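In the form predicted on its own, a lone chain appears below as structure tokens.
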């Protein structure tokens, strides 16, 4: 059986949603970051990065959201979840999730994880002040150019959708005026209406 490690308010929610979506048999362990459980030896042995998610499989341990989403979908889900029927669609799905991981999530991380980049208190404050602008910019690009609707890539629900939903759940805390992003908010609501999303949120939020 799979075992996934997550934390409340973290990007790991996306992987838990997908596990529910494909009806995988899994065990969930929720770490308390406020108590630095991610830095304890037991978890460091699983993921020395000290981050979530981490997924223990029969073949070994996987970390990083794009990799875990891809693995879960290919092992338990339909081809449409990853666009396996078309190399171009498969690549577009990886392109979108790579953007979320490398740009959008990093922009968000400046609010609470600024010490990854600087210890200067003035710089840290400047990073926090920039969050509403930087997050609005990246989400505006998704709203206008990437989100096809009703799902990220059109009619087919893919591994991009729980990933985007999880990031959208942070927007108000990041100071983004979500009223200016109606298509993203429609997607968010559609995700929220899915039983898999509700099942995941009951365990981790």
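Source: prediction; values computed, not measured. Numbering follows the first chain given and starts at 1.
The same protein also has a form predicted in complex with a further copy of the same chain, omitted here; what follows describes it.
Within 4.5 Å of any heavy atom of a further copy of the same chain in the model of the complex lies no heavy atom of residue 173. A residue is said to contact a partner when one of its heavy atoms sits within 4.5 Å of a partner heavy atom; residue 40 fails this definition for a further copy of the same chain in the model of the complex, lying far away. By the criterion of a heavy atom within 4.5 Å, residue 145 is counted among the residues contacting a further copy of the same chain in the model of the complex.
Mapping the unseen interface onto this chain, residue 70 counts among the residues with a heavy atom inside 4.5 Å of a further copy of the same chain in the model of the complex. For the marked spot (177, 183 and 191), a heavy atom within 4.5 Å of a further copy of the same chain in the model of the complex is absent from each of the three residues.
Note on the interface: of 28 to 36, 164 to 172, 51 to 59, 148 to 156, the segment with non-hydrogen atoms within 4.5 angstroms of a further copy of the same chain in the model of the complex is 51 to 59. The partner is not shown here, but in the model of the complex the stretch 81 to 97 reaches within 4.5 angstroms of a further copy of the same chain through a heavy atom at 87, 88, 90, 91, 92, 94, 95.
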